[in-house]
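Taking the form predicted on its own, here's one chain by itself in structure tokens.
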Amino acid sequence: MRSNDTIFNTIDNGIIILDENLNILAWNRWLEIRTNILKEEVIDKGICQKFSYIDEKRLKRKVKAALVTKSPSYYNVDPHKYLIKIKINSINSNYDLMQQDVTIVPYDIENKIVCLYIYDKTALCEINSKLERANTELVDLTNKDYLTKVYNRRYFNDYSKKAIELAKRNNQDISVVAIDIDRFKKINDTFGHTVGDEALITVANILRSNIRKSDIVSRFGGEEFVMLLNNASLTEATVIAEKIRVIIEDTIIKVGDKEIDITASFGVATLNKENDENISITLQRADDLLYLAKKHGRNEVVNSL
């Protein structure tokens, strides 16, 4: 018995003994240290009355399952990610509370008593979180433009092929908008590349903020951007382009004591499904229309079927 008590209080996990009515019969030293709650404060008390955030119905169901099947039962700690609230006192942790796994095992079948093992998985969650962030950064480096953070041309090419196939299958329109910042070379030559970079970032942010989640914007190189608008007719795409053109026209870029007005020209084309057109041809038509907008005096939207 002494040996069992020693194991009970020295094991590096939380252990709670419960009866079938969820009354606490034992509470080990590991939990006393981490919760600052002594066993005398919880023994013979209902665990769900003492810790009201516990889902009583779910816990009862799991305790019953362990007793009936005579085998371990995993308790899902979602949505809180813990059974017993335990604070983490580390400035390096991304979590305020210990992340836990909980397993319920039959302890005394005859008297309908179970044992709950609480495992600290915070370190594992920290590692998974870092891996997810690293993976996201890697995907961004592969698919996005380093300066403006919009998608790059390679991603556009891959994405547009899938989007067009889906549009054809669903008999939906899909439109391409080619955008070019007007007189960008003059901005660079007059104000320097730092201001030029700020102009690119500003325009990219405007484009990204004024399309739907289903659409994408990409930087094709230099001061040229392309938007792919899913399920958008020529008229709808032109309305979006005109709205963005006005926003860019009304935008003033401030860098230090300098204020720079910018404008952009737009070419809008919609995929011609009847001619089984591919993205390269639609893109070329949008680019030709962009050239016309430039030729007409810039700061204009030009469209065509």
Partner chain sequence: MSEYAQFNENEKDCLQELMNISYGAATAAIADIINKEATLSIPNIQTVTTKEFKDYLKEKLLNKIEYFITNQLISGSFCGETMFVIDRKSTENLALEFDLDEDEVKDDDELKDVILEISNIITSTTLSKLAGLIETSISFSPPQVEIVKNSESFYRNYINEYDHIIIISTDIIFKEQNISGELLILSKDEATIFLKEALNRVLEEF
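Treat the numbers as computed from the prediction; the structure is a model and nothing was measured. We call the rigid core the largest set of C-alpha positions that still match within 1.5 Å between the two forms. Positions refer to the first chain, counted from 1.
Beyond the structure shown, there is the form predicted in complex with the partner chain, which is absent from this document and is the topic of what follows.
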(request) Decide yes or no: are Ala65, Lys81 and Arg169 jointly within 4.5 Å of the partner chain in the predicted bound form, with each residue judged by its heavy atoms? (result) yes
(request) Please pick, from Arg61, Arg34, Lys243, Lys258, the one residue with any non-hydrogen atom lying within 4.5 angstroms of the partner chain in the predicted bound form. (result) Arg61
(message) Looking at Ser71, Asn205, Thr194, Ser129 here, can you tell me which has any non-hydrogen atom within 4.5 angstroms of the partner chain in the predicted bound form?
(response) Ser71
(message) Does any part of Asn76 reach within 4.5 Å of the partner chain in the predicted bound form? Heavy atoms only, please.
(response) yes
(request) Can you check 263-271, 53-61, 244-252, 39-47 and let me know which stretch has heavy atoms within 4.5 Å of the partner chain in the predicted bound form? (result) 53-61
(message) After a rigid core superposition, would you say the CA of Val68 moves by 2 angstroms or more between this form and the one not shown, or not?
(response) yes
(request) Since the Cα separation of Val42 and Asp78 moves by 3 Å or more in the predicted bound form, tell me which way: closer or farther than here. (result) farther
